[in-house]
Each structure stands twice: as C-alpha cells, then as structure tokens.
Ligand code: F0G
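Just one chain follows, in the form predicted on its own, and it is written as structure tokens.
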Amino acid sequence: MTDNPFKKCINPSCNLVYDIDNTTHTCKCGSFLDVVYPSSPSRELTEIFSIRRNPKGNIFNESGVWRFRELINFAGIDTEDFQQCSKVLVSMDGSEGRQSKPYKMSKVSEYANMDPECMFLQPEGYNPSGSFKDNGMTTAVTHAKMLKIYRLICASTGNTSASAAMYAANENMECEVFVPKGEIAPGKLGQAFQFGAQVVQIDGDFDDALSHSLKVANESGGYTVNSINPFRIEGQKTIIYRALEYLDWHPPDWIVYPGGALGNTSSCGKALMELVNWGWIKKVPRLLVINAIGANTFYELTNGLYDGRKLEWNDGKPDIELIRDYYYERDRKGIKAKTKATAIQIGKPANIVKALRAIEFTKGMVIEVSDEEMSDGMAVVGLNGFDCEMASGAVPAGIRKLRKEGVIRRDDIVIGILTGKQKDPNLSISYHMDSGNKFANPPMTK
C-alpha cells in the first residue's frame, strides 16, 4: 500500500491507513482521513508548471488544478501521457482554476489601509460555475469516476450544488443536491436546476441538509462530494499553489479565507504542511479565517468564548466534548446560523478538526466580522472592477480589522481568497440603494 497513494487517519495516535479505492471518509476511530503521497515531489516541478502555462492545446495544462497534477496524483497516472490523463482526469475543458491568480486592487488596499504593492486578492469566481468549489469538484469527481460511481450527492448553501451539478452534467452522471429551503441564493439554486440536478429542499439549515445527504449517500451508494471527502480537499489545495506560484514560490505573510464549512481552511493547511515536508518552502504563512458574526462557531470555540474553554488541535486530540456541548446548547436554545452571506451560513462546520490542525500549524487566527462589514468589503472589491459574493467581502473586512488592531502590518504580504462571485444581485442592489452605506452608489432620478 505504501508504494501508492493511500488514505490515512489524521489522528496521530491512530494513523490507520486505507486504500483509495473506496468511499470511506472517516477512520474507525471517528477521525477524518487525508490523502497521502508516499514520495516527495521534486521542487524542479515548478519549472514544468511554469512551462505548462503555455498549454499548447493540452487542456490539463490549461487547468489551474491539473497543471499541478504531480502534486495531487492520487490516480497514479503517467502525468505526461495525455491519453492517460484524458481517460482518468475529469475537467471542464481545462477551465477550473485557469483564470485564478492574485491581483492588486488599489481601492481595496486603501480601504484596508494596506500598502497597495503588498496586498493581493485572488478571485475564485472566475471558475466555470462561479466559485472555488470547482477546484475540488474536479478531483472529487475524478475519484468517483475511478470508482465507477456515477451518482453524485451533496448538501449545499448553493455553490457546491452548482459545481456538483455542472460536473455531473458534463460527465453524464446523476446528481442529487440537498439544500436548506429558502436559505440559498436564487442564482445558485438556478444553476443546480439548469444543470439537471435533482434538488431536494430540506426544512432546516445546511447542517440538516448535510445529515440528510450523508444518510442518502450511505444507503444508496452515491458519492459524497462535500468537503468531508478528502479527494475534494486535494483539488482545493491548488488555490494555494497558484497563489504561491504568482509569488515565485515565496510564501506571503498571511493567507486569508472566509470560514464556512472550513474545507478551504483544511485544504490550505494540508497544502502548506506538505510543501514544508517536501522542502519546497521554509516560511509558513499565517492563516486568517473570518467568520460572519451570525455564523461564528469556529471563532467562538477557538477563542475560548464558550464555557471558557479554548478549542485547539492538541496533537490530534481536540476536545470533541467541547464541540458537542456547544452544539447541544445551541440546539437547545434554538440558535441557528444566520447571516446574509449564505455561503458561510453554517453552524456546524464539518471540517472543524482539520481546520484546527491548519490553524495550529500556521499560527493562524480566527476572527469575526459583521454583515455590514462584509457588504462594504464586497462593494469595494466591485469598485476595482472585480465581482465577489458577500462571503468573500469578509476577506477585505477582516484584513482591515486586523490592520486597525496592528496585528497585520501595512507592508505585510497578504493574499486574500475571494471564494466566489455574486449570485444574489438583490444584495448588491439593496446595498447601493441605501445611501447610508459606505460605498453606496444609489441611482439618480430625473
């Protein structure tokens, strides 16, 4: 088994390993699994990645995911054999991650009080379905195809359902998506319908939808494409590869993400841990995760704001009872996650344990921002000619907040990830119709 990629329990005191030819996502001990590669890739691959940016008709070189295929080669293919790639790897004609890279945005830098030469934002809304989800969906669906499973199942606040439905349609697969009724942006729901998915509306929130979807997948033999699936995490690591490549593989001081289910937090941590272990980088950027105030589970638990206990990785033995107590109390009091940024409206983040590992490894931080602050962040990104959804507005808002507190320095190199484009135009319209908002651009009447 050790000669080929395998799955391994993330709990260091367990370390059980599993073959990859199955849909097992959790270890017998209850912990999640990582995809593990037994050999360390040569850093000379960075030259190959650079050469591939001139794809010469090869869609896998065009892809911002599969361009880095040697680093995520769980399929064990000859990565230079186009026929093998075509037979195994799933791609939307190379479009996933193709246009995703860091950009300087002067007005956002001014808003955040950052040196405009030091702050970069990477819009993942350029992906074919309009969000970062396509990075991981292409790898997850590749694994499903390897297992000859042709029915994808997921729960979603919108972007996952859109991405899963799109890839399923392109691969002639079935797709069933579970969504919280009335809590999903119309543009995202419309994508799921448009791509032919079977939409199942749940009377509840995302956490209820996820429970339903996992039960159905288990009973029916469907393939779960939510971020508890370690193969989806593999694709999301390429967000970090593209960011580092832009900086010539010199790590920034900070990497900033919105926090919802915490799959991005987990994938960022795994990517950086591997790059350090491989000897590709020595400096580890600090990871900043930003919750919405109305969906701030990770913030409250990691900052010791519930019951005075601080949730930590603790060498793979986090206080699971603390998490359960927190969830129990919220359920008992009828507290549900609530924010206009529906993409991160998640009260029970599925990847919380892997995210703890990422925060510890990077000496990271978790903060919260208000809906108003996210709306301002979203609006100022727009003033630079870029589009982002409200959840992504948490990124400039969070950077601004830590600049005010002096935690982030003005000349720190910061890369923020804008996770998706705006799919609920009513949020933008209502923001700009209110002249009291910081960046409002209300219409004139004559």
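Note that residue numbering begins at 1 and tracks the sequence as displayed. The structure presented is a predicted model; accordingly, all values stated were derived computationally and were not measured.
Just so it is clear, the following notes concern the form predicted in complex with the ligand, a form of the same protein that is not shown.
Proximity of Ile399 to the ligand in the predicted bound form falls outside the 4.5 Å heavy atom cutoff. Although the partner is absent here, Gly259 is a contact residue: one of its heavy atoms lies within 4.5 angstroms of the ligand in the predicted bound form. Among heavy atoms of Gly64, none comes within 4.5 Å of the ligand in the predicted bound form.
Although the partner is absent here, Ala155 sits close enough that one of its heavy atoms falls within 4.5 Å of the ligand in the predicted bound form.
For the options Ala343, Ala292, Met119, Ala164, the residue carrying a heavy atom within 4.5 angstroms of the ligand in the predicted bound form is Ala343.
Only one of Val381, Ala391, Ile415, Ile408 comes within 4.5 Å of the ligand in the predicted bound form through a heavy atom, and that residue is Ala391.
In summary, the region of this chain contacting the ligand in the predicted bound form, judged by heavy atoms within 4.5 Å and restricted to 100-108, 78-86, 344-352, 145-153, corresponds to 344-352. Residues from 128-143 that approach the ligand in the predicted bound form with a non-hydrogen atom closer than or equal to 4.5 Å are Phe132, Lys133, in the order they occur in the chain.
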